[in-house]
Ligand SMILES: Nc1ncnc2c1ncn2[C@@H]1O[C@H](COP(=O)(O)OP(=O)(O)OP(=O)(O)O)[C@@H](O)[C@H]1O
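Listed next as structure tokens is one chain, alone, in the form predicted on its own.
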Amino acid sequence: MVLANELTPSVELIGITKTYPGVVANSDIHLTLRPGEVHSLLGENGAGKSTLIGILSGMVQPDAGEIRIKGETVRINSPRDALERGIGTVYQHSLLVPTLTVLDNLLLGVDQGWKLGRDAAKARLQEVSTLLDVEIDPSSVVGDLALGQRQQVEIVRALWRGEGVLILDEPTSMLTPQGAEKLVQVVRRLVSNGLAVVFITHKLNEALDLGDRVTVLRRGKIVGEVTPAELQNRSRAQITDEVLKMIFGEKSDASYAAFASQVSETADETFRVDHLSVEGSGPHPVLDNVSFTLKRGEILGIAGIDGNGQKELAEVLAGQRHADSGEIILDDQSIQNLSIAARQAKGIRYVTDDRHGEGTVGPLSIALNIVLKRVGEVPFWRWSLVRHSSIREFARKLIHDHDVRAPHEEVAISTLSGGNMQKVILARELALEPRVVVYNKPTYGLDARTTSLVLASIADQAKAGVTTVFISTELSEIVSICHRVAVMYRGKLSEPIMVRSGIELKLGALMTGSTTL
């Protein structure tokens, strides 16, 4: 690692403050990004990480404070301005156009001169690829690339204009263990060449493994930092305990493990899927002869890289998508042809991964979002009249029980952080007396504490007899909460196996196309 403390800082944030109506997102932030250093940034949902990164990347303008790049005071007016100043960002959600080639994606939005110089662009791609120590074919269509390869292209694009600061926002959330390891190698190569890397993650071990320095935000303020010397000289247990206290306060309930209780061998078979298939427009079926059986109170984990049919399976089970063939059986009765409402009446619940576009109605209040699936029902409606007091009372109880951080139940749900929005969705679905719940990445983008609360809630429901399909890209969560696990790859579902210690790498192999455990 370059001796970062002897060099001019790549970026300095001095007294950065940003407020929104009713919320202080960042309060007097002082942060230094040093060349040759990975700076891990931790904090709960709503701690202010996204706003801070928005300011660094030119998406958000601060209300107060100063930004210095290599000692010079600047104003970052836009994302393009940030790129031209050598600050590139790789976001949680890919910004690549899947139907275009790698080179065309890299040329999108650049100056006219670049558009006319494809040879020069190929040379720049080769230059950055060499820096990363990866091979990227400029003529490959992005949609045909594996997720890890797409992320490499995102990093290339972030470094396209210059190599000063690279911001990685939850970069391993969709990667296999093998893909995550490759990313670590890429990051280490970048810092050895003098880049400053900001590594945003909700995974504490990941932050400590990769970070040369760790900064913690809580409620818009920096509450602590772990220096390189401390990371080298103190035990992992000591640092972990200290960081958890920074994130959550003195009393932390952020850890979770082995939530799942044993399922009785005599438990009734509750839910069965037989040979479900859905044709697709590509070379492979969206769902290809998917079958599994679940007992009452069992949690089945379904792992896989996004785009291999998990979302489509969840939508078919919930009734949002029609299967071309196969059966879905609940208590020995087919529900295959039932509507969404009819399935809900039988106790089928679905927690979508699209909390903004599908799970909520942004302009409506938290209270109204909580009763969206109970329109017309007593006690919230009576004689076709809305009973606002009953809705508000019910919403306040769920907000309290599920620790939703919101000023009150009448604020628009779109004003909440992603984690708090997810808590509202879970509260709504689990309050409807579920019998079978299908979760599609219920903890995606959540901090460690919120993840712990969500998983504990799912486990408690299972102990009470709720049957669960738990779709996730987080193998650590699947192993800790599920009784059995299967992997989806190109629409096929592997044979479910009992969860056991040390199966993560084998599951990772299945996620990339291996046919054996």
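Note that residue numbering follows the sequence shown and begins at 1. Every value quoted in this text rests on a predicted model; they were computed, and no experiment measured them. Here, rigid core means the biggest group of C-alpha atoms that superpose within 1.5 Å across both forms.
The form predicted in complex with the named molecule is left out here; the points below concern that form.
Asker: Applying a 4.5 Å heavy atom distance criterion, does V23 contact the named molecule in the model of the complex?
Answerer: Yes.
Asker: So in the model of the complex, does any heavy atom of T32 sit within 4.5 Å of the named molecule?
Answerer: No, T32 sits far enough from the named molecule in the model of the complex that none of its heavy atoms falls within 4.5 Å.
Asker: Could you tell me if P434 has a non-hydrogen atom within 4.5 Å of the named molecule in the model of the complex?
Answerer: Residue-level check for P434: no, no contact with the named molecule.
Asker: Consider S365 of the chain shown here, and say whether it contacts the named molecule in the model of the complex, taking contact as heavy atoms within 4.5 Å.
Answerer: No, S365 stays farther than 4.5 Å from the named molecule in the model of the complex.
Asker: Choose one stretch from 477 to 485, 448 to 456, 49 to 57, 66 to 74: the one whose residues place a heavy atom within 4.5 angstroms of the named molecule in the model of the complex.
Answerer: The contacting stretch here is 49 to 57.
Asker: Though the named molecule is not shown, can you say which of I302, L416, V214, L317 has a heavy atom within 4.5 Å of it in the model of the complex?
Answerer: After the contact test, the surviving option is L416.
Asker: Heavy atom within 4.5 Å of the named molecule in the model of the complex: which of S277, T101, N193, Q92?
Answerer: Contact with the named molecule in the model of the complex is made by Q92 alone.
Asker: Examine T468 after superposing the rigid core and state whether its CA is displaced by 2 Å or more between the shown form and the other one.
Answerer: No, the C-alpha moves less than 2 Å.
Asker: Does V479 show a Cα shift reaching 2 Å between the shown form and the other one after rigid-core superposition?
Answerer: False for V479: its C-alpha shift is below 2 Å.
Asker: After a rigid core superposition, would you say the CA of A456 moves by 2 angstroms or more between the shown form and the other one, or not?
Answerer: Comparing the forms between the shown form and the other one, which are aligned on their rigid core, A456 does not shift its C-alpha by 2 Å or more.
Asker: Are I305 and Y91 closer or farther apart at their Cα atoms in the model of the complex than shown, with the shift being 3 Å or more?
Answerer: It is farther: the C-alpha separation of I305 and Y91 rises by at least 3 Å in the model of the complex.
Asker: Would you mind telling me if H93 and H356 are closer or farther apart in the model of the complex than in the shown form, C-alpha to C-alpha, with a 3 Å or larger change?
Answerer: H93 and H356 sit closer together in the model of the complex.
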